[in-house]
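Take a look at this single chain in structure tokens; it is the form predicted on its own.
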Amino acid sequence: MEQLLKSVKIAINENIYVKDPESSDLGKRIIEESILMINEVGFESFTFKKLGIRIKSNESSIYRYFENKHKLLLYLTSWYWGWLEYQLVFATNGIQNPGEKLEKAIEIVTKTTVEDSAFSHINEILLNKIVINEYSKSYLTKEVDKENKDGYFVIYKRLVNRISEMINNFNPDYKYPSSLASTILEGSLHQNFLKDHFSSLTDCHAKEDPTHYFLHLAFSSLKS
């Protein structure tokens, strides 16, 4: 899978960026350093001015790639969901049994993130932390309906649909495949957030990670 991923370019909606950051060394540095900085200071305190100082480039050069930091966050989260989608597709492609396929899919989207050497300028571990802590800020805006219509969330929705189809293949009589699929994806982020910040509100700790919980939730619901 690693060799296949090295030849893959994760396609992001081109309306999210002004210039594709993957098209130049500067663009890749913007992505790499923005992940490090957002993880360090949080999205609220992150600015293009601070990023420009960090990468030793004019602030205006960053605006040649992204209109604002909201669009940058949309890019980063879209890239993450696209990367997760490729992992899911490759990991489940050869599995014929519907139950085993769904189980593998849930493991892929809820497991602890490890760094992927196929994308040297992106730290997937830190990006996962950003998605856990900041993803909701990309859609809890007044512009969400317009941005959804413009396809800004298409990768995330496609990933939900893939899992929903697997749920339907496992149990065609289950009435809520999309709801369960989106609950697994969103819930995984939420449980990881609780684990890190409000540990008394979750049973998902070191010995009982979110993967076990969502496998139990999914198959208990589907078999009942």
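Throughout, we count residues from 1 along the sequence that is shown. Quantities reported herein were computed from a predicted structural model and do not represent experimental measurements.
In what follows, reference is made to the form predicted together with another copy of the chain, a form of this protein that is not presented.
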May I ask you to check whether L140 falls inside a 4.5 Å heavy atom distance of another copy of the chain in the predicted bound form? yes
Would you please decide whether L180 lies within 4.5 angstroms of another copy of the chain in the predicted bound form, comparing each non-hydrogen atom pair? yes
Spell out, yes or no, whether the shortest heavy atom distance between L201 and another copy of the chain in the predicted bound form is within 4.5 Å. yes
Is there any non-hydrogen atom of L217 lying within 4.5 Å of another copy of the chain in the predicted bound form? yes
At 4.5 angstroms, heavy atoms only, are N13, T113 and L127 all close to another copy of the chain in the predicted bound form? no
Another copy of the chain: the contacting residue among L51, V160, M166, I31 in the predicted bound form [heavy atom, 4.5 Å]: V160
Only one of these stretches, 89-97, 73-81, 142-150, 116-124, has heavy atoms within 4.5 Å of another copy of the chain in the predicted bound form; which one is it? 142-150
Pull the contact list for 161-195: residues with a heavy atom within 4.5 Å of another copy of the chain in the predicted bound form, in sequence order. N161, Y174, K175, Y176, P177, S178, S179, L180, S182, T183, E186, H190, Q191, F193, L194
